[in-house]
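Read the single chain below, which is given as structure tokens and is the form predicted on its own.
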Amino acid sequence: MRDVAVVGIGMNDFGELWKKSLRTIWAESAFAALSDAGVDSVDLITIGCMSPGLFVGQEHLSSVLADELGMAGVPASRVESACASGGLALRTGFAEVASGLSDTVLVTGVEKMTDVDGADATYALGTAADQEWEGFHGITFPGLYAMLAVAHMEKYGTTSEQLAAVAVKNHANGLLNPHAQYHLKVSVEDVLESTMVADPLHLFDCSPVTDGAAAVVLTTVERAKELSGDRPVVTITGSGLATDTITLANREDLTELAAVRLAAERAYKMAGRKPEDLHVVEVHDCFTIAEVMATEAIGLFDPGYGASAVEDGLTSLQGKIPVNPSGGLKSKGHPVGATGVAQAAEIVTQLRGEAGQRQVEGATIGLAQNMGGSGGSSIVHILEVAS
């Protein structure tokens, strides 16, 4: 396999983008990434998008979006793995370049979620769960993650205050991210006093409904060195993908995200790295409990210690291992198909040393973990500054 580098990144401001269409926000991020890379043509376009048919009534994105970019004729494909669609798009592009099928790939993710009302958005997101055994009986994602939270609390003594600390940290980081949906400082008390959505999860434990897009340009390391000038060249050294049973009732242990653990193990093995090698991490915090469980699954903390690690400041920007310096899904926003690509863009920004006030000092190795549904699928990438 050939070594693969990220040579360009781009994303737009996440939020409720009422005046822009899906194709517009996608093109904004794609043009930004192409400009950042210094290229005007690619061999392939990948598009991560969970449910454009339900959100905006538009399927067949490969044709729509390649044409929107003025690249009709270029091979393009949409991939889907629920909320991990962006991470799957990145893995698909990585495989194309690594295998030699393509030399330059535009990897994108997009979701336009606010063109429908709350009930329709809830239904669309609910399709990432088991419709026969979960959705039919009325369970929603807050309810599914609430069950994971209760199990974690029962087994390890995790508290609502510790979960609230995740939201406090990520909102503090989001204040420093100009692309974040929410620039809002919150306290533990704010989280605990917000509306109860699904006990023990409050409104401020949940990520928002978001419009947004993100993109990265992948190419060979050799070409990246020619294009990057004085900037560090960031390579993808590990990629792991795994699935788990989609139905929570069929899982052996509700306190573990098995797909995340397996995906991380595969990414570490490919990269020749261990959790202790990492300097900065982006994980899929669709709910505060998800960040806690994800950091345990990727090996940052032993099972049961992910919550106390946040409370003790280990995952803050100045902590032992900063987690979600972008603000995470909680503050940056969660346009589901775009999230995995946005996570990779944040890690690249950090490894280039271009993150401004949220910069993790000395970061040269990072990890991005993207997850579908309640952990039915997960994708992990390890990125490093090339030597």
Partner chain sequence: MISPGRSWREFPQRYRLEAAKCETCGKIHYPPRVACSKCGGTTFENITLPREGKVVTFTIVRVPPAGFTEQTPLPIAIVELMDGVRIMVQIGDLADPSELEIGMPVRLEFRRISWDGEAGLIFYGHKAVKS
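Numbering follows the first chain given and starts at 1. Computed from a predicted structure; not experimentally measured.
Another form exists, predicted together with the partner chain; not displayed. Remarks below refer to it.
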- Task: Name the stretch: of 106 to 114, 252 to 260, 226 to 234, 304 to 312, exactly one has residues whose heavy atoms fall within 4.5 Å of the partner chain in the model of the complex.
- Result: 252 to 260
- Report yes if any heavy atom of His137 sits within 4.5 Å of a heavy atom of the partner chain in the model of the complex; otherwise report no. yes
- Is there a heavy atom of Pro208 no more than 4.5 Å from a heavy atom of the partner chain in the model of the complex? no
- 4.5 Å heavy atom contact, Glu276 to the partner chain in the model of the complex: no
- Message: Taking the partner chain as it sits in the model of the complex, is Ser187 in contact with it (heavy atom to heavy atom, 4.5 Å or less)?
- Response: no
- Decide if the three candidate residues Met270, Glu354 and Ile365 all line the partner chain in the model of the complex, where lining means a heavy atom within 4.5 Å. no
- From the list Ala121, Ala198, Leu175, Leu317, which entry has a heavy atom within 4.5 Å of the partner chain in the model of the complex? Ala198
- Listed residue that, although the partner chain is not shown, lies within 4.5 Å of it in the model of the complex (heavy atoms), from Leu300, Leu248, Ala164, Ala264: Leu248
- Message: Given a 4.5 Å distance limit between heavy atoms, list every residue of 139 to 177 close to the partner chain in the model of the complex, or none if there are none.
- Response: Ile139, Thr140, Gly143, Leu144, Ala146, Met147, Val150, Ala151, Glu154
